[in-house]
Every structure is written in structure tokens, then in C-alpha cells.
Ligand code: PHB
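This document starts with one chain, in the form predicted alone, laid out as C-alpha cells.
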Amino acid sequence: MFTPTLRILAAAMLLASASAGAQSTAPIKVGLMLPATGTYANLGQMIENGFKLYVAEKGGKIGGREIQYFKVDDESDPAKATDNVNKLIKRDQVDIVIGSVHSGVAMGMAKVARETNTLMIVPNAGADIITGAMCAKNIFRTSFTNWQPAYAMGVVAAKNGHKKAMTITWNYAAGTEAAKGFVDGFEKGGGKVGQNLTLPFPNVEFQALLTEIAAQKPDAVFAFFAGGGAVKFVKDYVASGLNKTIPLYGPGFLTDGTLEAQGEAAQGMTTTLHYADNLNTPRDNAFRLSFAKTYKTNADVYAVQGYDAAQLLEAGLNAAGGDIKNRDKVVDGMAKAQIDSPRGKFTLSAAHNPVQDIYLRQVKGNLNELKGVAIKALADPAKGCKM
């Protein structure tokens, strides 16, 4: 026969057990902080579609848990990053935040994620510092650092025999870091970068800078732009006639998701990236077919990065038996994951950034066709990372 004290204790234990069971079966709250308007809106949509496609392929569950989505338009505005991510973390109480495209926005998100110990996956923004000096156990990336594809392009440009180059980009984190990566690769190969031209984001008035390029007459130009800015720049570069004498190089963002709008201007352009349109592997072919059937459009690198963000979260959940609250096991599972990506299998560095092949691609029609591997298993230096 239970005493009143024992009855109270038993009831408390049952309540605690029921609460734990409810937590382990409740949906995982995923906060998507991506651009829904402005220059990068299409990129944000492709990332979201890629993430949701992987979840759908798993029957709507990953790690045995259903997924519940919460969304915030980050507007590609770093000044709003803190308030926007706090809507997801404090208001919606999400278990993990996924974002973003703009490096400045992602840096603001990462600062809050560090302070609140919120799990975060970056599905695009390549700001070196996120997996460099700002690295943290709870922050992961499934895309690239700005340094990686740009460094590979510098290596390629030097191998192509160019000796003098110029860079041009928006004056923000992604642009300046990409330019630095190109300089590292190009000058390691014996070249010299004479001038780094910049303009404020998202300014697309390129004429004065194109005139400067024409006056300097470099052997090659490296450009970092994306989205609508990439469309305008490539068209303006060709309209100026510079492409006839000065080859234009860039990381793949210059032509990914933009080829239809760029049209003839982009044809023949060479870029480097961790993905290409005709890898022609069983894994990639299956992904592209599934994506096309679901969304009635071709997948691109942004879709791949979103898809792999879901894979990475699944790896963490599987390691923790589906318990997102078991943070140590989730983080350990993510850190040790080998992701079977459409881009090719990759692992994560100690700083939680992909160690991956960087491909050499060339534009043909509406495809960034594979020409070869620029650098195998390239890891970012992760300068300043201390965990």
C-alpha cells in the first residue's frame, strides 16, 4: 500500500517520464532564415527546396522525428540579422536555425547562435570567419568558405599562363574574402594581382570600374557577384567588349542560378565550385531527377547545399537516437559525419567546414559543365578557429 508521500513521488516520476517521451517524439523545430525578397530571393528558395526535398525523401521524418518549419525573410540585411534570428530562437523556440545566403547576415546569426548555444547550419554564406575565428561546436556549414572556390580559381588562372590580374567585387565580407582567396592561389602560382576593385552592395553600376579595367589591361579578371548582381555584371562585361581580350573568371556563384538570365553573355565562361551540372554520378543523377520532378526546375549548387544541410542534421539526430536535446551526441554525430552529397562525398574539418573537391566548370547553354577537378579535397585554413 502506497503512503501519500510515495503516491506523490510516483506521480511525479510518471509525469517526468511522460514529459521526456513527449519531447523525444515531438517535431523538430527547424528555423529557416533565408532571403525571400531582393537580390538573393531565388537562392534562398533553392536552399529551402533542397532541404525539404531530403526530408520528403525520408518520408517526412529524419532521425525518426517529424520536422516543423518556421520561416523568417532575412532581407539580406545584416542590420536586421540579430532581431530576425531572435524571432526564431526566442519567439518560435526552434531547435536549430538554417541560414543564410548573405555573409553579413550569417555572421550576425552566428554571433547570436554562439551566445545562446543554438544549433546552426550555414547552407550557403561563405564568410571565412564563421568557421575561422567565430567557429563553435554548435555551428556547422554545408557549403564552402569564400576562400575555397576562389583559391582554386587563382590556381587555375596561374596555370593558364596569366601573369597579371585584377579582382572586382562588392565591398562586403563575401567579396573581400573571395578576392583574397584568388590572390592567394594566383600569386602562389607566380601571378600578381595589381588592383582590387570594389563597389557597395548591392550597387550594380559597373561602368566606371569596367573603364578602369580597360585602362589597366590585365591578363585576366576575377569577379565575385551572385544573383541579380552577377547577371548584370556578366552582361555589362561582355557589352563593354572586355571579354574579347581579357578572360573573365570567377567562383561558380557568378553563373549558378543566373545562366538563363545571362543568356549568350555567359557562354564559355570558366568558373570553379564544389558542384557542376553534369557530374553524371548515380547519386547526383537521382537527386537532380527528384528535384526536377518535385519543383519543375533544375537543381543548382544552392539546392545541393540545402539538401546536405538536412543530411547533416539527420546524422546528428541518428547519433543521438533522435533526441535533439542530447546536444553532445547530436554535435558529435554531425562533426563525424560523411555526407553522401550529390556533389560527391565529403567530411567536415575540425572547424566544421566541408573538406571537398573543387570542380572546374565551363558554361555551355544553361549548364555549368564539368571540365575536371581543379583541386581535390580542399580544406579551408580556418584561421583563428579555437574550439
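Numbering starts at 1 and follows the sequence shown. None of these values were measured; they are calculated from a predicted model.
Beyond the structure shown, there is the form predicted in complex with this ligand, which is absent from this document and is the topic of what follows.
Remark: of stretches 258 to 266, 279 to 287, 144 to 152, 204 to 212, the one touching this ligand in the model of the complex is 144 to 152 (heavy atom within 4.5 Å). The closest heavy atom approach of G181 to this ligand in the model of the complex falls outside 4.5 Å. In the model of the complex, this ligand sits within 4.5 Å of a heavy atom of Y302. Mapping the unseen interface onto this chain, T272 falls outside it, with no heavy atom inside 4.5 Å of this ligand in the model of the complex. Residue contact with this ligand in the model of the complex: Y172 places a heavy atom within 4.5 Å of it. Comment: this ligand is not present in this chain, but in the model of the complex one of Y249, F253, F233, F186 has a heavy atom within 4.5 Å of it, namely F253. This chain is displayed alone, yet in the model of the complex one of G108, G229, G316, G126 has a heavy atom within 4.5 Å of this ligand; that residue is G126. Within 4.5 angstroms of this ligand in the model of the complex, the stretch 26 to 48 places a non-hydrogen atom from each of Y40, L43, taken in sequence order.
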